[in-house]
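One chain follows as structure tokens, the form predicted on its own.
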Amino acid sequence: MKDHSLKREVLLFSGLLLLVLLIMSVMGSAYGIRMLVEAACYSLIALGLTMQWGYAGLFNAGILGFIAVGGFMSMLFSYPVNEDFWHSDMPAQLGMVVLKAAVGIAIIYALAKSARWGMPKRLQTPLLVIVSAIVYLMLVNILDPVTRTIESEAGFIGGFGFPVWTGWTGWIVGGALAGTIAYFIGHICLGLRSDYLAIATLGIAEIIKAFLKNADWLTRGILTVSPLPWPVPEPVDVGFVLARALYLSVIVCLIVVTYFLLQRALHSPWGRMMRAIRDNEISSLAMGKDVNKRRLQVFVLGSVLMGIGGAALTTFNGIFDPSGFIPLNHTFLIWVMVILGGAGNNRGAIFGAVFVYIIWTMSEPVALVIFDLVRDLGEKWFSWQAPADLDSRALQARVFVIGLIITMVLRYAPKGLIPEKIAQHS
């Protein structure tokens, strides 16, 4: 059984390698390496999802939000400093708003914990709601004039302008911020059913996107921020192929380290406990396991990986565009990658991410070739006049192909092409 599984994995990865080589020979090395870099970034995100879904059975429908947070922090750390902003009194005004927000949050937190000091519950809850509303309205009232001043006089606050070689620190901070947001979401929702978690994460993701899209003073909104510097030599210095190859090597190193750590965690007592909680929550509770706390751990760790992957992907694309984060590309596609590869199997997640992204990328050019062939043969043999918008329909072919693939996989390999390996003990 073990040999059969190993042979299957070798065949699948060998076929994937041949597919990559074929694309590079047809489309060129620069195109092929770019595709691999983006697929590698998606692999990191897929590893985060396989932690949440494969290890613990947590249904995260808000992957988009964590990717966007990672991308934003990457932009904030690496983009050059806006002199118009920093050489004015606007940073001091903004700092005062942040200070007042911190005081307001501290008051709300103290009220939330006031039951420990003897405040009756029936008084605590309405008081907490009223104070939270007052703090929010006050913050909005003092933040609005400051943001209007920033937008009119400086455009936006710009970035921190960290040295290029430290650009990856924005990735780490982006992952940490994504994990922090996941902590608060999970702290509230993980005690509920999985469908409530899906609804909550979906809502939070849309809130994050709406905030980034409308906070012009912070992100330039729909005007986008570009170009974002890379943490490796850029194409203008060393050429497209070498620059992309260097970027790919950085991401591959990151994946190798992440894979090693995840494998260690998966086969440790912690990993076995997570699978036990996923498979039988009641038995785990009876064994004295703190189910919600363990789920919160894996939810936060998976979100950290999503944030790092989102930061790496945004940096590589060289542009931060809040409108560019869409559920089809940044949530649905990643679910397809994990389901096709095999939930709960790290190699399956990496295989699924690379394979699905290749299919996603190549569907349009392949569809264009097929459409051209059909148009030529139709005109030649049947005097058929193709619709004028036939080429524009090629873009939709990728959705059809992905839908067809996921249907076939669910029908013939419901556990994925590289399913989870469960150790059997006699």
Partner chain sequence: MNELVFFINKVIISGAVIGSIYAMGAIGVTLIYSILRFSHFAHADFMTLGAFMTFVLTTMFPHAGPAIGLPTAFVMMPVAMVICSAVAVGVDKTFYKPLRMHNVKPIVLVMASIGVTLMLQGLIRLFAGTGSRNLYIDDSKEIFRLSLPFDLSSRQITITEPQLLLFLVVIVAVVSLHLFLTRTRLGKAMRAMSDNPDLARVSGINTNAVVAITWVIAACLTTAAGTLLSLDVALKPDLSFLILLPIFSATIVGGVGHPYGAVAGGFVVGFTETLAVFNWGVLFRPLNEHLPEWAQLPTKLAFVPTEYKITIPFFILVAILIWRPTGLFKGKVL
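These numbers were taken from a predicted model, which means no experiment stands behind them. Residue numbers count along the first chain shown, from 1. Definition used throughout: the rigid core is the maximal C-alpha set that superposes within 1.5 Å between two forms.
This next part talks about the form predicted in complex with its partner chain, which is not shown.
- Contact with its partner chain in the model of the complex, judged by any heavy atom within 4.5 Å, is made by just one of L137, C253, L127, A102: L137.
- Think of it this way: in the model of the complex, its partner chain has a heavy atom of just one of L266, L143, I199, A176 within 4.5 Å, and the residue is I199.
- Using a 4.5 Å cutoff between non-hydrogen atoms, D195 counts as a contact of its partner chain in the model of the complex.
- Its partner chain is not drawn, but in the model of the complex it has no heavy atom within 4.5 Å of R347.
- Mapping the unseen interface onto this chain, V232 falls outside it, with no heavy atom inside 4.5 Å of its partner chain in the model of the complex.
- Proximity of S14 to its partner chain in the model of the complex: non-hydrogen atoms within 4.5 Å are absent; the residue sits far from the partner.
- The candidate stretches are 266-274, 104-112, 82-90, 214-222, and the one lying within 4.5 Å of its partner chain in the model of the complex by heavy atoms is 214-222.
- Contact residues in stretch 308-339 (any heavy atom within 4.5 Å of its partner chain, taken in the model of the complex) are P327, L328, F332, W335, I339.
- If you fit the rigid core between this form and the one not shown, you'll see the Cα of A112 move by 2 angstroms or more.
- The Cα shift for V401 between this form and the one not shown, taken after rigid core superposition, is 2 angstroms or larger.
- Relative to the superposed rigid core, the position of the CA of P387 differs between this form and the one not shown by 2 Å or more.
- In the model of the complex, the Cα atoms of L404 and M27 sit 3 Å or more farther from each other than they do here.
- An increase of at least 3 Å in the separation of the C-alpha atoms of V401 and M27 is found in the model of the complex, compared with the displayed form.
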